[in-house]
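Single chain ahead, by itself, as structure tokens, in the form predicted alone.
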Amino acid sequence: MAAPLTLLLIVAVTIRAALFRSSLAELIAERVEVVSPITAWKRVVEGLALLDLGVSPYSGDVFHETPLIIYMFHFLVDYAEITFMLADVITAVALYMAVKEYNKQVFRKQKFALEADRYPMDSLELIRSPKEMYYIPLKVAMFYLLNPFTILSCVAKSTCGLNNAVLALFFLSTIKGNVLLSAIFLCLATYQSIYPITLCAPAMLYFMQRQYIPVNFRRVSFWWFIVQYLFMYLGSLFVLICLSFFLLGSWDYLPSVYGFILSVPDLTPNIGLFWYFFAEMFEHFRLFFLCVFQINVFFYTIPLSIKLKEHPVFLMFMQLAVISIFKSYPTVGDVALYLAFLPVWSHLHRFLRNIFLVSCVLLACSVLFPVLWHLWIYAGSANSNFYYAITLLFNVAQILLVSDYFYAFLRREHHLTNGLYLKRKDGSEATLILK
């Protein structure tokens, strides 16, 4: 498998290098679907210019990335293209290794369940074979590296690619069972954009499942593990925040980075749900609806964790999707990360209901984004309603995609427990309704 992966990496790097040298690079770097006010490379360059002049990069309203990012590029600015290509390679390799390890664990659990006769006879056709699972890690790497969203994000030098690399390393260290590294990488991801804090729940559930710690509020072992993980996570976060203070000599970055993410003052159009709504919002209602919109990312963690406590890896996938849909400044790079996990759930295709329709809608929206932007900004024959309508449709399609996979996953688990062909008491075929 090493040879196909190496070939894939060479092809992916070649495509990115060619685009970096083309005239399209500057155009892509300006696209609002690809960069946001936080991740735009142009803003990083302006922050570096202020830093070189001895001025705090957070003194104005231009730079909103974290201090570690600007100090990293202070040394790597001449190698920015290589840095972003390397970030994509690291992400793909980490995902490849993580999914390969996860498939081994799935096959092992499946083998034990078969030996214990836990599956009904008519559900054996749902069992996954090693041949079926063999190429999944390579497909995941391919889905990430050759996804146009990922390529555009890399060519635009969006710092979203760096965040994706950290999340992929978090996923790898979690699957490998390394608690300390998992907490550190999750801390780095949270330090970058706050929202990955919701991934604490699936990470802790995974480790408790791996260490045979029951999810029981009355058990001391349950609370002791949570305290240990949170201590490592919060301790790492404290170190990063203090390091940022020592680098800058002030706390200016806190309102400029985290206050900016949470209060959404910049209403530049993007593929998210915030910008149009708050552009039309009366100021005295702003705080209330800001809390309503922001709580979406965090609220779904609780019900999803309760429902999927036995399946923490699928819970991670769901949380990544929720973050990319409901965060305040999303880009196509965020969408590309969770789309890369779709081959892992290829065994759910027989239970998906809307996959063809949703795929067509996502493709159509991706094409229409630049078209409607041109009609609004340059041709003047459309307005913001047109662009927001396609943004809304894109997000609805994402929600339908994720909810369809959620339904398919629950239905397959139900059939594995109760049998594939359900019968009523009179012997007629029953219809399964999931509530």
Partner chain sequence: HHQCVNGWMTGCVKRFGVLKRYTNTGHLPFKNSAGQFFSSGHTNNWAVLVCTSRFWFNYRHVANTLSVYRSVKRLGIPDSHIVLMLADDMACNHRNPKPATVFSHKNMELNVYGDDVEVDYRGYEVTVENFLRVLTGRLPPSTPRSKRLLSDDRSNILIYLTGHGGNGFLKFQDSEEISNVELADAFEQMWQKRRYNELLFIIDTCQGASMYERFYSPNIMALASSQVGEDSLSHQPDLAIGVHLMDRYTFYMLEFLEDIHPASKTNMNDLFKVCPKSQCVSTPGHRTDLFLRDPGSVLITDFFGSVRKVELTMDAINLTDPIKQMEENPVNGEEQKEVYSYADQLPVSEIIHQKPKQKDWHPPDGFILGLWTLILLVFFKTYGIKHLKHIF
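Because the structure is predicted, anything quoted here is derived from the model rather than measured. Positions refer to the first chain, counted from 1.
What comes next is about the form predicted in complex with its partner chain, which does not appear here.
K.L.:
Each of T6, A12 and A156 having a non-hydrogen atom within 4.5 Å of its partner chain in the predicted bound form: is that the case here?
P.N.:
So, no: the whole triplet misses its partner chain.
K.L.:
Please pick out the stretch from 178 to 186, 146 to 154, 215 to 223, 132 to 140 that is in contact with its partner chain in the predicted bound form, where contact means heavy atoms within 4.5 Å.
P.N.:
It is the stretch 178 to 186.
K.L.:
Taking its partner chain as it sits in the predicted bound form, is E26 near enough to touch it, meaning that at least one heavy atom pair lies within 4.5 angstroms?
P.N.:
Outside the cut-off, so no.
K.L.:
In the predicted bound form, is there a heavy atom of its partner chain that lies within 4.5 Å of any heavy atom of V34, even though the partner is absent here?
P.N.:
No, V34 stays farther than 4.5 Å from its partner chain in the predicted bound form.
K.L.:
Check whether D78 has any heavy atom within 4.5 Å of a heavy atom of its partner chain in the predicted bound form, and answer yes or no.
P.N.:
It does: once its partner chain is placed as it appears in the predicted bound form, D78 has a heavy atom within 4.5 Å of it.
K.L.:
Taking its partner chain as it sits in the predicted bound form, is Y71 near enough to touch it, meaning that at least one heavy atom pair lies within 4.5 angstroms?
P.N.:
Contact check for Y71: yes, within 4.5 Å of its partner chain in the predicted bound form.
K.L.:
Its partner chain isn't shown here, but in the predicted bound form which of L86, L243, L254, A113 has a heavy atom within 4.5 Å of it?
P.N.:
Of the listed residues, the single hit is L243.
K.L.:
Within 4.5 Å of its partner chain in the predicted bound form, heavy atoms considered, which of L234, L124, C291, L247?
P.N.:
Going through each option in turn, the one that passes is L247.
K.L.:
For the stretch 334 to 367, I need every residue with any heavy atom inside 4.5 Å of its partner chain in the predicted bound form, listed N to C.
P.N.:
Nothing in the stretch sits within 4.5 Å of the partner.
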